[in-house]
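In the block that follows, a single chain appears as structure tokens, in the form predicted alone.
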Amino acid sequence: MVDLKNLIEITKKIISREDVKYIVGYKKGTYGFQIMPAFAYTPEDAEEFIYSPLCSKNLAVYTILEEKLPLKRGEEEDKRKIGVVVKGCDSRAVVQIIQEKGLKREDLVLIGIPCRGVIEPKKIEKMFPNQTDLIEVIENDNSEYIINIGGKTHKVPKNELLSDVCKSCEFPNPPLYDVLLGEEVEITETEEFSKINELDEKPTEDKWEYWKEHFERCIRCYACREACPLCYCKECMADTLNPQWIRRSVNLSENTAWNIMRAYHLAGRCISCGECERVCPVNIPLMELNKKIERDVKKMFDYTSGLDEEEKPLFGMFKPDDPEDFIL
């Protein structure tokens, strides 16, 4: 568990600096167990900051939502830094955006938190239906959560509530940070692509039926796009009318085009935070698409996204000795 007193003290210290505009962290939401983003502009604001296994949201998305309004005559641009609390996957997202020149490292202050995994909100809602407004969650140890519901304590094996992406996470420790809170998490070997490999073994017809069932449910709300820190194009291809890459109709054909297009847009970029799948209102297993492409990228290019800010993006580099064996 993160020492909350230390988190608040560090946040207060950083926000007191003249070169920092604000810090994005977590605070208790307005309903039940939900956690929401918190913005600290003053040391007093930092008193609301918390961190728990419920802090699943990837806050890196807010680094690219900073509004740049036109300056009035004689007004100078505010060049102060933005602070962000980052877990392992959040930090990888920031690294990837820096690689792509979407952010500058000197414009950020990163408070790193080694992550032992986050609770999947949909799982806890399913386990305790109609009781979410009474839930408080405390991580006990590496094997179970203690959940307090209306004064009654429940012990739940951690594996039953842990987000699926966390079960196969290879990078729980932030690769990039300015301050690290707590000790780094020991990395254990995981079967990261076991589910993808199992799906690949099915006949083509069965695979299509599997994805057809999911894509038919898509309502094209684009929540996956809005939650993803790597979906930061100023104009999305889904919104382009000239040329129109995909129609706005909600049907199987256009839904399939949208989901596959977005998955390929994240090739060599996805950092496996699972935010897209977490916010999907119709429960499409979007990470299975992302993981398949991630596996293929590793196999063909020996490349992993979001680890080194000095490295070039996968499709922004060229190696003369690349054998290109995958080209038919």
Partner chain sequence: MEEFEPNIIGFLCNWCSYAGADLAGTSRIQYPPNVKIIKVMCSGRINPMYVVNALQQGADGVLIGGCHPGDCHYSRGNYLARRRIAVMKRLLEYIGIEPERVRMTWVSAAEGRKFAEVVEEVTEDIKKIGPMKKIRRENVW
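Here the structure is a predicted model, which is why all the values come from computation and not from measurement. Numbering follows the first chain given and starts at 1.
The protein also exists as the form predicted in complex with the partner chain; that form is not presented, and the subsequent description refers to it.
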Practice item. Using the partner position in the model of the complex, report whether Leu314 sits within 4.5 Å of the partner chain, counting heavy atoms only. Key: yes
Check your understanding: Do Ala267 and the partner chain share at least one heavy atom pair within 4.5 Å in the model of the complex?
Key -> yes
Check your understanding: Hey, in the model of the complex, does Lys167 get a heavy atom within 4.5 angstroms of the partner chain?
Key -> no
Point to revise | Distance check, Ile147 to the partner chain in the model of the complex, heavy atom within 4.5 Å | key: no
Exercise for review: Tell me, please, which stretch of 247-255, 110-118, 170-178, 92-100 lies within 4.5 angstroms of the partner chain in the model of the complex when heavy atoms are compared?
Suggested key: 247-255
Review point. Is the partner chain close enough to Met127, Ile135 and Glu192 in the model of the complex that each of the three has a heavy atom within 4.5 Å of it?
Key: no
Check your understanding: With the partner chain left out of view, which of Glu106, Glu75, Asp200, Glu186 would have a heavy atom within 4.5 Å of it in the model of the complex?
Key -> Asp200
Check your understanding: So which residues in 282-306, when you check the partner chain in the model of the complex, have a heavy atom no farther than 4.5 Å from it?
Key -> Glu288, Leu289, Lys292, Ile293, Asp296, Val297, Met300, Phe301
